[in-house]
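Shown below, as structure tokens, is a lone chain in the form predicted alone; questions about how it binds or moves come after it.
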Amino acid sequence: MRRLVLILVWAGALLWLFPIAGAFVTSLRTQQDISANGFWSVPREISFDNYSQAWERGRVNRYLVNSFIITIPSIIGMLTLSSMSAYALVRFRFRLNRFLYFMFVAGMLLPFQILMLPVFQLSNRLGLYDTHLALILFHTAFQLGFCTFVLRNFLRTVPVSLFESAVIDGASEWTIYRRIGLPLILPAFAALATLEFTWVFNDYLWALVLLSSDRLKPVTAGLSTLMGQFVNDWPLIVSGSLLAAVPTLLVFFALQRYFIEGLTMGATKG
């Protein structure tokens, strides 16, 4: 039985990696080779020029900078605000506590596709349309519910006596939040940072809705400009896509230990 499970796991892993391997092989070919022999033929010529062409001619270098300009402030904003709201929901007991928590949860259940027109109209009226700030504010606001939900559940595992002893010692709420709350949820921060970086960095829909200038587009929307109406340079497009995937892979491998620790924290608690 164990051998069968191992075989199934390896088969699933190979099946999962097959498209990535196909994309890498395609990025090393020429469009003429693909047009003449098809995607599934043996490459007649191997070249790494597609990566340099995608970086310069495809403007992936500029699009990646735009993606970081949008992603990093969004993550900082959503983690900062959600940690404060989660701390307030756990630390203080007031009449609307549970109602506010349910409002955060309800925001997670709202399909973001139905918000396209309202968000577009709001950003246009506020003068934020076609700016990076529009995407930063939207991602921060829309992911606030999920981040608050996760961090609140982590903070609830902290013994109340730990906060009370800090109050007895004369610590202010800001000190308790900064010196006790934040250090205890760092694994959750790392897990959320990994998830949200992947989500915001790979966002395509809202970049199309809230941006129109090519110079402001992130890499996901920028790569779509390489698609022609009649002819597509597939090796160039695939090379740009692989270059765009590198930052998310680096972030995941850099935070992998903290990501797993954040996911498993509290799993053995009764």
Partner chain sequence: MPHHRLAPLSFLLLPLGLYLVWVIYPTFATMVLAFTNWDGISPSYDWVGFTNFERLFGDRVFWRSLANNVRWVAVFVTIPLALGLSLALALNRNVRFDRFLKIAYYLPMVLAFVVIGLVWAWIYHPRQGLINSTLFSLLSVAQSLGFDVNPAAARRIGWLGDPNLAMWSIIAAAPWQHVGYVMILYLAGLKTVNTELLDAGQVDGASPWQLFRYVTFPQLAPVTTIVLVITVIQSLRAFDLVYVMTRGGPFNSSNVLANFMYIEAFMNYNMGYGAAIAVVLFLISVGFIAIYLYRVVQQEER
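Residue numbers count along the first chain shown, from 1. So that the term is clear: the rigid core is the largest set of C-alpha atoms that superpose within 1.5 Å between two forms. If you're wondering where the values come from, they're calculated on a predicted model, not measured in any experiment.
Same protein, other form: the form predicted in complex with the partner chain, not shown, and the subject of what follows.
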property	result
The partner chain contact in the model of the complex: L117, any heavy atom under 4.5 Å	yes
Proximity of N66 to the partner chain in the model of the complex, heavy atoms at 4.5 Å	no
L144, heavy atom within 4.5 angstroms of the partner chain in the model of the complex	yes
The partner chain contact at F48 in the model of the complex, heavy atom, 4.5 Å	no
In the model of the complex, residues of 184-220 near the partner chain [heavy atom within 4.5 Å]	T198, N202, Y204, L205, L208, V209, T220
Large Cα shift (2 Å or above) at A21 between the shown form and the other one, core-fitted	no
Residue shift check between the shown form and the other one, rigid core fit, N202 Cα at least 2 Å	no
Core-aligned C-alpha movement of S41 between the shown form and the other one reaching 2 Å	yes
